[in-house]
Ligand code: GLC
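Quick setup: one chain, the form predicted alone, written in structure tokens, and binding and motion questions come after.
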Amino acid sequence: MLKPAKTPGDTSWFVNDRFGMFIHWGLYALPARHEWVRHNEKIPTDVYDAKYFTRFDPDLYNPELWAKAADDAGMKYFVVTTKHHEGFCLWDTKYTDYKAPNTPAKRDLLRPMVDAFRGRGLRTGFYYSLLDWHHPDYVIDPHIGPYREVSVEERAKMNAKRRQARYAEYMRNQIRELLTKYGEVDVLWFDFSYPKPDGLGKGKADWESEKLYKLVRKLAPKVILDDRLDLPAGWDVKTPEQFTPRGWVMHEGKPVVWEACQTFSGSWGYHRDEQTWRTTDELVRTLIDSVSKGGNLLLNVGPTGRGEFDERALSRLQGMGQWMRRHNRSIYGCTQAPDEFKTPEHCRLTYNPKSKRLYIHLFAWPFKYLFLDGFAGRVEYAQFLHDASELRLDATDWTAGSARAGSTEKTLLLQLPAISPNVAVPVIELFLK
């Protein structure tokens, strides 16, 4: 069983809790066509602000309901976009007027959210975009943003008075606010660097990442920091996006703490017409798959412009919560199983090092028998996790002898009911000797 390398931040709670909620919320909830709508549709700043900044009024915003939905789903922490690429800030920052209190919302939207989630025992995470398509000092490049396709001459003209160093200082000032005005912050999620061979992308020099990193570690030594500042070391967690890795994530040949960040559909922000929504069962399998490889799952919700969770998101959160209520022992505190336990076909294994229990998640229901190669003599007791009903450790009915053909003496044969339990993914809990 692999153990991740130690890092500067405190990841002990993180690798125990395993399941968190990502929240992408900003002005882009109003067009409801993806959080990258400014980039995708090349919308100029004045047009974007006239349409959406002047009309952002989440009158149904109730963060207590958001926190309840996350808690009921079994999530243990949340990460919210305090500022996404559009540059709009959810909190009452003193460094820009482009913030929620200056919209029809007329208030800091971050404070009540933090209080609501903490009130339910969830840990606090702040996402902060390194990109900013609104700030007057953010240097425009030809790769990302609404002005990426303007001519070289026009871009030079637009950048004439912009100073990236001033923008980097602006970021540090805002990060200082976020880390000093909202209590203890558990996760700081920067997004993202894109250095390019032509020198016109953006990386650690543009963000002044080393200065930013030193500030973060000074103000919040235990905060978990992601890997997107374009720094070779010092971060705490790798963040594979919109896919689950094949196995434990490695960096320079060593296992590291990692977190898969994924969406219910193809968009992070609220997308009214998006139809490629994943099923609850698939999302449950994704959570299990991540933990079986030593990782976390950060699952995203994009609230509407009125401040509510989409009914499609709520239904899936409720479904995941139903499964987690009876099966969270196979998630919390669990990780990749020891190497000596071979994963059965169409299954995933998770392991709790403290309780010494192994969990078999059945992604496909085997007819009558589950073959556990190498498990013979190593299991003291077996049961379904959802109802604690016993499973006999070795099949003894008349077909067992024939079923064992091709197996070794180290194979444990579990006899199962003919029909799968009525749960998204059945789980067998093994008490190891």
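Keep in mind that what you see is a predicted model, and the values were worked out from it rather than measured. Residue indices: 1-based, along the sequence shown.
The same protein also has a form predicted in complex with this ligand, omitted here; what follows describes it.
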item: Touches this ligand in the model of the complex: Glu308 (any heavy atom, 4.5 Å); value: no
item: Contact flag, Phe384 vs this ligand in the model of the complex, heavy atom cut 4.5 Å; value: no
item: Contact test in the model of the complex: His84 vs this ligand, heavy atoms, 4.5 Å; value: yes
item: Contact flag, Arg228 vs this ligand in the model of the complex, heavy atom cut 4.5 Å; value: yes
item: This ligand in the model of the complex: contacting segment from 384-392, 360-368, 29-37, 54-62, heavy atom within 4.5 Å; value: 29-37
item: In the model of the complex, the one of Tyr77, Trp258, Trp235, Tyr127 near this ligand [non-hydrogen atom within 4.5 angstroms]; value: Tyr127
item: Heavy atom within 4.5 Å of this ligand in the model of the complex - residue from Trp207, Tyr351, Trp323, Trp189; value: Trp189
item: Residues within stretch 20-34 having a non-hydrogen atom within 4.5 Å of this ligand in the model of the complex; value: Phe22, His24
